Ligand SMILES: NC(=O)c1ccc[n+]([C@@H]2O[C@H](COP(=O)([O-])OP(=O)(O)OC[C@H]3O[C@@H](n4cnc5c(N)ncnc54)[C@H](O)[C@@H]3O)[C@@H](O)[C@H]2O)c1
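Encoded as C-alpha coordinates, the following chain is the form predicted alone, with no partner shown.
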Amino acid sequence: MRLQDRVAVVTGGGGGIGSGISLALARDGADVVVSDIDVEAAERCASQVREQGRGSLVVRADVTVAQDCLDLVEAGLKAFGKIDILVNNAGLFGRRIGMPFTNQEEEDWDNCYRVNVKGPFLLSKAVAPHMMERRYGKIINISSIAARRDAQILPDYTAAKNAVLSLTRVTAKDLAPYNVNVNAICPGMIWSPFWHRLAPMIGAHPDFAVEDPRRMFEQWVKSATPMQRAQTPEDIGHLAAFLASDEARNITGQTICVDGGAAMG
(Lines give C-alpha, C1' and ligand atoms only; values in the text may rest on other atoms or scores of the structure.)
Protein backbone atom coordinates (compact mmCIF):
# COMPACT_ATOMS: atom_id res chain seq x y z
CA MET A 1 0.00 0.00 0.00
CA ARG A 2 2.68 2.49 -1.03
CA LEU A 3 0.02 5.07 -1.98
CA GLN A 4 -1.90 4.81 1.30
CA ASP A 5 -3.75 8.08 2.05
CA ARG A 6 -2.78 9.59 -1.31
CA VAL A 7 -5.35 11.24 -3.58
CA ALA A 8 -5.11 10.97 -7.35
CA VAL A 9 -6.87 12.63 -10.28
CA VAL A 10 -6.94 10.62 -13.51
CA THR A 11 -8.26 12.21 -16.70
CA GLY A 12 -9.76 10.01 -19.37
CA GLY A 13 -10.19 7.58 -16.52
CA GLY A 14 -13.35 5.90 -17.71
CA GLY A 15 -11.82 3.17 -19.83
CA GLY A 16 -8.76 1.67 -21.45
CA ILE A 17 -5.47 2.98 -20.14
CA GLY A 18 -7.20 5.45 -17.82
CA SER A 19 -9.15 2.70 -16.11
CA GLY A 20 -6.03 0.55 -15.80
CA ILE A 21 -4.20 3.43 -14.13
CA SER A 22 -7.09 4.31 -11.82
CA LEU A 23 -7.39 0.74 -10.57
CA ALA A 24 -3.63 0.32 -10.13
CA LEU A 25 -3.48 3.47 -8.01
CA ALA A 26 -6.44 2.26 -5.96
CA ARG A 27 -4.86 -1.14 -5.37
CA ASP A 28 -1.82 0.64 -3.97
CA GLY A 29 -4.02 2.60 -1.55
CA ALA A 30 -4.97 5.84 -3.31
CA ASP A 31 -8.38 7.47 -3.44
CA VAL A 32 -9.14 8.35 -7.06
CA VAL A 33 -11.01 11.17 -8.77
CA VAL A 34 -12.04 9.66 -12.09
CA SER A 35 -12.56 12.34 -14.73
CA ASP A 36 -13.94 11.73 -18.19
CA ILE A 37 -16.38 13.26 -20.67
CA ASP A 38 -18.07 9.83 -20.71
CA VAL A 39 -19.70 9.89 -17.29
CA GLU A 40 -21.13 6.37 -17.51
CA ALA A 41 -17.71 4.90 -18.20
CA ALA A 42 -16.22 6.97 -15.37
CA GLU A 43 -18.91 5.69 -13.00
CA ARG A 44 -18.07 2.08 -13.88
CA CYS A 45 -14.40 2.69 -13.15
CA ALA A 46 -15.18 4.54 -9.93
CA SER A 47 -17.32 1.60 -8.80
CA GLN A 48 -14.34 -0.72 -9.30
CA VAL A 49 -12.14 1.66 -7.33
CA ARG A 50 -14.61 1.51 -4.44
CA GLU A 51 -14.57 -2.28 -4.63
CA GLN A 52 -10.86 -1.98 -3.78
CA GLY A 53 -11.91 -0.24 -0.55
CA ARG A 54 -10.86 3.21 -1.73
CA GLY A 55 -12.80 6.43 -2.07
CA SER A 56 -13.71 7.67 -5.53
CA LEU A 57 -15.39 10.65 -7.13
CA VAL A 58 -16.57 11.10 -10.71
CA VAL A 59 -16.16 14.52 -12.32
CA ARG A 60 -17.08 15.28 -15.89
CA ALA A 61 -14.48 17.65 -17.32
CA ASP A 62 -13.34 18.77 -20.75
CA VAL A 63 -9.58 19.14 -20.35
CA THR A 64 -9.45 21.66 -23.20
CA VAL A 65 -11.50 24.14 -21.16
CA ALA A 66 -9.56 26.03 -18.47
CA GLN A 67 -12.57 26.47 -16.19
CA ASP A 68 -13.38 22.75 -16.34
CA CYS A 69 -9.80 22.01 -15.23
CA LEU A 70 -10.07 24.46 -12.34
CA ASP A 71 -13.45 23.00 -11.36
CA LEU A 72 -12.02 19.46 -11.47
CA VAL A 73 -9.20 20.40 -9.10
CA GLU A 74 -11.64 22.21 -6.81
CA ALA A 75 -13.96 19.18 -6.72
CA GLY A 76 -11.06 16.91 -5.77
CA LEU A 77 -9.92 19.26 -3.03
CA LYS A 78 -13.45 19.62 -1.67
CA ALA A 79 -14.00 15.87 -1.58
CA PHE A 80 -10.62 14.72 -0.25
CA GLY A 81 -8.85 17.81 1.09
CA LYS A 82 -5.79 17.45 -1.14
CA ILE A 83 -4.46 16.18 -4.48
CA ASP A 84 -1.17 14.29 -4.42
CA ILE A 85 -1.16 12.77 -7.91
CA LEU A 86 -2.30 13.97 -11.30
CA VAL A 87 -2.34 11.64 -14.31
CA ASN A 88 -2.90 13.48 -17.59
CA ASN A 89 -4.24 10.58 -19.60
CA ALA A 90 -7.10 12.08 -21.65
CA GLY A 91 -6.23 12.09 -25.33
CA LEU A 92 -7.41 11.31 -28.84
CA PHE A 93 -6.17 10.20 -32.25
CA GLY A 94 -6.48 12.35 -35.35
CA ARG A 95 -9.34 11.81 -37.75
CA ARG A 96 -7.30 11.30 -40.93
CA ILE A 97 -5.31 8.17 -40.15
CA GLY A 98 -2.84 7.12 -42.80
CA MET A 99 -2.77 10.41 -44.68
CA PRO A 100 0.47 12.35 -45.20
CA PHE A 101 0.61 15.64 -43.35
CA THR A 102 0.06 17.51 -46.65
CA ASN A 103 -3.44 16.02 -46.85
CA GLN A 104 -4.41 16.91 -43.30
CA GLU A 105 -6.49 19.93 -42.37
CA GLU A 106 -5.72 22.69 -39.91
CA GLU A 107 -8.76 21.63 -37.88
CA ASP A 108 -7.31 18.13 -37.45
CA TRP A 109 -4.07 19.49 -35.97
CA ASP A 110 -5.85 22.02 -33.79
CA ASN A 111 -8.13 19.37 -32.31
CA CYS A 112 -5.28 16.90 -31.71
CA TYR A 113 -3.14 19.52 -29.98
CA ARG A 114 -6.05 20.91 -27.99
CA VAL A 115 -6.73 17.59 -26.26
CA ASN A 116 -3.29 15.96 -26.18
CA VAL A 117 -1.14 19.02 -25.31
CA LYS A 118 -3.32 21.89 -24.15
CA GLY A 119 -5.23 19.56 -21.82
CA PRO A 120 -2.18 18.44 -19.80
CA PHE A 121 -0.94 22.04 -19.72
CA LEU A 122 -4.22 23.44 -18.39
CA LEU A 123 -4.72 20.76 -15.77
CA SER A 124 -1.11 20.79 -14.59
CA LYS A 125 -1.35 24.56 -14.28
CA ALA A 126 -4.60 24.22 -12.31
CA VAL A 127 -3.17 21.76 -9.77
CA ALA A 128 0.37 23.19 -9.54
CA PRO A 129 -0.33 25.96 -6.98
CA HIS A 130 -1.78 23.40 -4.55
CA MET A 131 1.18 21.05 -4.98
CA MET A 132 3.67 23.91 -4.73
CA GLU A 133 2.10 25.15 -1.51
CA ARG A 134 2.24 21.68 0.03
CA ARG A 135 5.68 21.06 -1.48
CA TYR A 136 4.58 17.66 -2.66
CA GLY A 137 3.12 16.24 -5.85
CA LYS A 138 3.40 13.74 -8.69
CA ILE A 139 2.35 14.58 -12.24
CA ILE A 140 2.35 11.82 -14.85
CA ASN A 141 1.72 12.61 -18.51
CA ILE A 142 0.66 9.86 -20.87
CA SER A 143 2.36 10.18 -24.25
CA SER A 144 2.67 7.34 -26.79
CA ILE A 145 5.10 5.02 -28.53
CA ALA A 146 4.18 7.06 -31.62
CA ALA A 147 6.33 9.86 -30.18
CA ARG A 148 9.33 7.52 -30.17
CA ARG A 149 8.70 5.81 -33.51
CA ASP A 150 7.58 8.97 -35.42
CA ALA A 151 4.56 7.18 -36.83
CA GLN A 152 3.96 8.49 -40.35
CA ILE A 153 0.40 7.24 -40.37
CA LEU A 154 -0.43 9.58 -37.47
CA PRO A 155 1.44 12.85 -38.14
CA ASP A 156 -0.81 15.13 -36.04
CA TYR A 157 -0.99 12.65 -33.14
CA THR A 158 2.76 11.92 -33.29
CA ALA A 159 3.64 15.60 -33.21
CA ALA A 160 1.26 16.24 -30.32
CA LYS A 161 2.57 13.33 -28.26
CA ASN A 162 6.14 14.55 -28.87
CA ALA A 163 5.05 17.92 -27.52
CA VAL A 164 3.84 16.15 -24.36
CA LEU A 165 7.40 14.96 -23.75
CA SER A 166 8.74 18.51 -24.05
CA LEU A 167 5.99 19.77 -21.76
CA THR A 168 6.99 17.10 -19.24
CA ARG A 169 10.59 18.27 -19.15
CA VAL A 170 9.88 21.99 -18.84
CA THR A 171 7.28 21.54 -16.10
CA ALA A 172 9.59 19.13 -14.29
CA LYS A 173 12.26 21.85 -14.17
CA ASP A 174 9.78 24.49 -12.99
CA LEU A 175 8.32 22.33 -10.24
CA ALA A 176 11.42 20.50 -9.01
CA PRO A 177 12.25 23.18 -6.37
CA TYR A 178 8.81 22.48 -4.85
CA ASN A 179 9.37 18.71 -4.55
CA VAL A 180 6.95 17.97 -7.40
CA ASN A 181 7.95 15.18 -9.80
CA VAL A 182 6.81 15.26 -13.42
CA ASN A 183 7.32 12.26 -15.71
CA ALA A 184 5.90 10.77 -18.89
CA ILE A 185 4.90 7.27 -19.92
CA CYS A 186 4.86 6.10 -23.55
CA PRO A 187 2.46 3.15 -23.84
CA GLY A 188 3.13 0.68 -26.61
CA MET A 189 0.61 -1.39 -28.54
CA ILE A 190 -2.65 -1.88 -26.66
CA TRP A 191 -5.79 -3.40 -28.18
CA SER A 192 -8.50 -0.76 -28.51
CA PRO A 193 -11.31 0.26 -30.90
CA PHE A 194 -8.71 2.43 -32.67
CA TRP A 195 -7.52 -0.69 -34.49
CA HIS A 196 -10.89 -1.02 -36.20
CA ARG A 197 -10.18 2.34 -37.85
CA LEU A 198 -6.61 1.36 -38.68
CA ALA A 199 -7.46 -2.09 -40.08
CA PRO A 200 -8.53 -1.08 -43.62
CA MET A 201 -5.24 0.71 -44.22
CA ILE A 202 -2.96 -1.97 -42.75
CA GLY A 203 -4.99 -4.67 -44.48
CA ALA A 204 -3.80 -3.38 -47.84
CA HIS A 205 -0.26 -4.49 -46.95
CA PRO A 206 0.48 -8.07 -48.13
CA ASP A 207 1.94 -9.06 -44.75
CA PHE A 208 -1.28 -8.11 -42.95
CA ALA A 209 -3.92 -9.19 -45.44
CA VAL A 210 -6.51 -10.36 -42.90
CA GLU A 211 -9.99 -9.00 -42.39
CA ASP A 212 -10.30 -9.42 -38.63
CA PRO A 213 -8.93 -6.29 -36.86
CA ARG A 214 -7.93 -8.29 -33.78
CA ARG A 215 -5.87 -10.77 -35.81
CA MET A 216 -4.31 -7.88 -37.67
CA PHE A 217 -3.40 -6.23 -34.38
CA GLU A 218 -1.77 -9.44 -33.16
CA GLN A 219 0.25 -9.77 -36.36
CA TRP A 220 1.34 -6.14 -36.13
CA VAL A 221 2.47 -6.64 -32.54
CA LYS A 222 4.59 -9.66 -33.49
CA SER A 223 6.23 -7.79 -36.35
CA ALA A 224 6.93 -4.53 -34.51
CA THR A 225 7.58 -5.59 -30.91
CA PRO A 226 10.78 -7.45 -29.97
CA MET A 227 9.02 -9.21 -27.09
CA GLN A 228 6.20 -10.14 -29.51
CA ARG A 229 3.42 -9.43 -27.07
CA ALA A 230 0.95 -6.62 -26.65
CA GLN A 231 0.75 -4.30 -23.70
CA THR A 232 -2.26 -3.88 -21.44
CA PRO A 233 -3.80 -0.98 -19.50
CA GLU A 234 -2.64 -2.77 -16.36
CA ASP A 235 0.97 -2.63 -17.56
CA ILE A 236 0.71 1.16 -17.80
CA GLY A 237 -1.01 1.28 -14.41
CA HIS A 238 1.84 -0.57 -12.71
CA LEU A 239 4.38 2.01 -13.89
CA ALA A 240 2.07 4.92 -13.03
CA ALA A 241 1.70 3.60 -9.49
CA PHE A 242 5.47 3.38 -9.12
CA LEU A 243 6.04 6.91 -10.46
CA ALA A 244 3.32 8.18 -8.13
CA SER A 245 5.04 6.65 -5.11
CA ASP A 246 7.87 7.94 -2.97
CA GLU A 247 10.03 5.14 -4.34
CA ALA A 248 10.35 7.37 -7.41
CA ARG A 249 11.10 10.56 -5.48
CA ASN A 250 14.33 11.21 -7.40
CA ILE A 251 12.90 10.50 -10.84
CA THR A 252 11.68 13.59 -12.70
CA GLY A 253 11.63 14.91 -16.26
CA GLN A 254 11.89 11.36 -17.60
CA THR A 255 10.11 9.43 -20.33
CA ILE A 256 9.64 5.69 -19.82
CA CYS A 257 8.30 3.38 -22.53
CA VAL A 258 6.11 0.40 -21.69
CA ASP A 259 6.21 -1.13 -25.14
CA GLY A 260 7.81 -4.56 -25.19
CA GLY A 261 10.87 -3.00 -26.80
CA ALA A 262 9.07 -1.39 -29.76
CA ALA A 263 10.91 1.92 -29.32
CA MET A 264 14.16 0.15 -30.20
CA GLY A 265 12.88 -0.32 -33.72
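The shown structure was predicted, so the numbers you read here are calculated from the model rather than taken from an experiment. In case it trips you up, residue 1 is the first one in the sequence shown, and so on.
The next section is about a form of this same protein that is not shown, the form predicted together with this ligand.
Novice: Using a 4.5 Å heavy atom cut-off, are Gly12, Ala61 and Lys161 all in contact with this ligand in the predicted complex?
Specialist: All three within 4.5 Å in the predicted complex.
Novice: Indicate whether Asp212 is a 4.5 Å heavy atom neighbour of this ligand in the predicted complex.
Specialist: No, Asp212 is distant from the partner.
Novice: Can you check whether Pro193 is within 4.5 Å of this ligand in the predicted complex, heavy atom basis?
Specialist: Although this ligand is absent here, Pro193 would touch it in the predicted complex, with heavy atoms inside 4.5 Å.
Novice: Does any part of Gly16 reach within 4.5 Å of this ligand in the predicted complex? Heavy atoms only, please.
Specialist: Output for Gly16 is yes: heavy atoms within 4.5 Å of this ligand.
Novice: Can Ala90 be called a contact residue for this ligand in the predicted complex at 4.5 Å between heavy atoms?
Specialist: Residue-level check for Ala90: yes, a contact with this ligand.
Novice: Among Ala128, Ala79, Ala172, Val115, which has at least one heavy atom within 4.5 Å of this ligand in the predicted complex?
Specialist: Spelling it out, the residue with a heavy atom inside the cut-off is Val115.
Novice: Sort through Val180, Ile142, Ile83, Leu122 and report the residue having a heavy atom within 4.5 Å of this ligand in the predicted complex.
Specialist: Comparing distances to this ligand in the predicted complex, the residue within 4.5 Å is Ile142.
Novice: Within 4.5 angstroms, counting heavy atoms, which one of the listed stretches 23-31, 36-44, 220-228, 50-58 is next to this ligand in the predicted complex?
Specialist: Looking at the partner contacts, the answer comes out as 36-44.
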